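This document opens with one chain alone, in structure tokens, the form predicted on its own.
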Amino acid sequence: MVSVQQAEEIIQSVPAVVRPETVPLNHAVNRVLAEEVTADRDLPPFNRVAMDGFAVDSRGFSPGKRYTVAGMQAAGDDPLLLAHPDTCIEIMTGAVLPGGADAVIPYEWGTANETTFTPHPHITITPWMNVHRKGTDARQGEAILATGTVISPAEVAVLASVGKASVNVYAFPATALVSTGNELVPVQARPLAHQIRQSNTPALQAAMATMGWKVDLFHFKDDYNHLYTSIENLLGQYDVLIVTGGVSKGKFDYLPQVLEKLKVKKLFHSVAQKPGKPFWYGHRPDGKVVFALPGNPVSAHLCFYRYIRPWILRSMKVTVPGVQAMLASEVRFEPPLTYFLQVQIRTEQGVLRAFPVAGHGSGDFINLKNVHGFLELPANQNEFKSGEAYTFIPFRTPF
């Protein structure tokens, strides 16, 4: 049995094989950049007016001075020229600053009519006031987005601003998501009294979809020969297999034997954690990777967010930040295992506080609807006091 830290190190030692692919910009959100993006011109590309008002030459300003309005310039217009310091140009937000002007006085800082503008006598102005100067955000050729950046709507705006109608992102490895067990029936089926509907694979598929990771779903019965043939076929077609169930010590848990016979090298089988202790991980010399997760829903959920999601992100050069939350009440856990406590997160005075939410064990996936993630409580202690901070593993936003 390996520790949580050892399991993480072993998994991360075999990065996923990921390659670039080109996608349209409107399909890029939540994907990971596979290229460095540079500015194709200065940003902003001109001295951009940041306030509706009047463009003036600050060198000729004096409080209460009456300016003659020499013209009006809207955003998108060719820039006018401020020919004399006693004149001003009415200007709109987003417009190019007129030649000869170096500041914008907002409407509300003075009084105006169709021909004149008089600033209030108590105001002062400075050069480049209310002007977003050319090139202050980025210079032409400057790197503005790095490889390994997760694309959010903010990055979409940046990509659009430099003309990236399509973008290179990392393609996910071909992945099969497999459930096992004679007790499982499809979601749309009406189960018999001794059966349950599949829920692990839809949940994991949904978690992966939030990243843009598309998977194919399969279900296999607890039959050695059928499982062997089916897994052998999948290893021929897919780079990554994620299997739930069939990995513990029951008489019908054939998966470890099948994987061994198929020459998938076991790197560990059992992690000193709760939930998720029977977790199995291995790979083949041809680069195929297999994650075999426990069938209990909370265990499978935890293992994906604690191990598989960080693995694929780091394989794509993403820096995965650590998040900590402060335990809101005392917890005791006796076994020498890392305990992943289900918690709700609340922000109190700028601090993330984790409130334990009791469930009914690793089979209680209903309880997951009440929590935001897991608090990782280390194995080297059994008392965890209120106010102590531990690693928080989110699977939904607490805000």
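Note that this is a predicted model, so its numbers are computed, not measured. The first residue of the sequence shown is number 1, and the count goes up from there.
Quick note: we don't show the form predicted together with ligand AMP, though the next part is all about it.
S.K.: I need the one stretch from 173-181, 225-233, 87-95, 126-134 whose residues put non-hydrogen atoms within 4.5 angstroms of ligand AMP in the predicted complex.
M.R.: Looking at the other structure, the answer is 173-181.
S.K.: Can you tell me if residue 295 lies within 4.5 angstroms of ligand AMP in the predicted complex, counting non-hydrogen atoms only?
M.R.: Although ligand AMP is absent here, residue 295 would touch it in the predicted complex, with heavy atoms inside 4.5 Å.
S.K.: Consider residue 275 of the chain shown here, and say whether it contacts ligand AMP in the predicted complex, taking contact as heavy atoms within 4.5 Å.
M.R.: Contact with ligand AMP, no.
S.K.: Does residue 199 reach ligand AMP in the predicted complex, with heavy atoms at most 4.5 Å apart?
M.R.: Yes.
S.K.: Given that ligand AMP is not shown alongside this chain, does residue 102 nevertheless sit within 4.5 Å of it in the predicted complex, heavy atom to heavy atom?
M.R.: Residue-level check for residue 102: no, no contact with ligand AMP.
S.K.: Between 248, 73, 315, 149, only one gets a heavy atom within 4.5 angstroms of ligand AMP in the predicted complex; which residue is that?
M.R.: After the contact test, the surviving option is 248.
S.K.: Does any residue in 253-276 get within 4.5 Å of ligand AMP in the predicted complex, counting heavy atoms only, and if so which ones?
M.R.: Residue within 4.5 Å: 253, and no other.
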